[in-house]
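Here you get one chain, nothing else, as structure tokens; it is the form predicted on its own.
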């Protein structure tokens, strides 16, 4: 399928590894020019690898979603290197690193960094990149949330609440930016084998249950997948990338304000 993204400019925030790396690869495979943004010091190297693999133009930029002023400098830097951006996908996120059931086992301070990165970081990205899109009256955002933001996952309340905020903010932004021809959607992964998901297992291992009934990461995940995922399989970063690239394409030109689950059926709304 030709998604008509050849020569467009995609910005991927959180592109150094995991889902973000897969999304950057996905855009590059379609012939897009890709600006890879991450706080990881390897980001320029990652961008070069992606460009070489897919024979397209790429550039790496070091930035942290909690640094609003640093983000504000990026649109001009990206435009100078690759051209004005058409698409932005923000995959940056983190968990609290603690097992939050019941929630009062956590301290309110355990919430601060997770909210700062996941919710305020997404808002920072939106504020930094929106003016250029409004000026050109085109483009689209895709913000990554999680199925945990829809079901109130008890394993990590700070993470769940922050991602619920991302879903709501995406809807607000879609309404505001629609008149300017800019689309905004939200993608919710389910069970994906990432460092973040492994961090949930590590936090569980420290609980009383985890110490009394120890399981390897694969054992823990397999049991959870059988219990909550109707299709019974892990989702892969490439599955997220496929949807991300499609949503940026003209074939999705009437899709905005939507929360789309790529979760093997984990979350179903009747």
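Positions refer to the first chain, counted from 1. Note that the coordinates shown come from a computational prediction; the quantities given were computed from them, not determined experimentally.
Absent from the display: the form predicted in complex with a small molecule. The rest refers to it.
Whether residue 186 contacts the small molecule in the model of the complex should be assessed with a 4.5 Å heavy atom distance threshold; does it? Residue-level check for residue 186: no, no contact with the small molecule.
Does residue 197 make contact with the small molecule in the model of the complex, using a 4.5 Å heavy atom cut-off? Output for residue 197 is yes: heavy atoms within 4.5 Å of the small molecule.
So in the model of the complex, is the small molecule close enough to residue 139 to count as touching (4.5 Å, heavy atoms)? Taking the distances in the model of the complex, the answer for residue 139 is no, it never comes within 4.5 Å of the small molecule.
Taking the shortest heavy atom distance, is residue 82 within 4.5 Å of the small molecule in the model of the complex? Residue 82: no, not in contact with the small molecule in the model of the complex.
Among 39, 57, 224, 202, which has any heavy atom within 4.5 Å of the small molecule in the model of the complex? Contact with the small molecule in the model of the complex is made by 39 alone.
So the small molecule isn't shown here. In the model of the complex, which residue out of 133, 177, 92, 126 has a non-hydrogen atom within 4.5 Å of it? It is 92.
Which one, 96-104, 169-177, 140-148, 72-80, holds residues whose non-hydrogen atoms are within 4.5 Å of the small molecule in the model of the complex? Heavy atoms within 4.5 Å of the small molecule in the model of the complex occur in 140-148.
Within 4.5 Å of the small molecule in the model of the complex, all of 28, 242 and 264 (non-hydrogen atom): Zero of three within 4.5 Å in the model of the complex.
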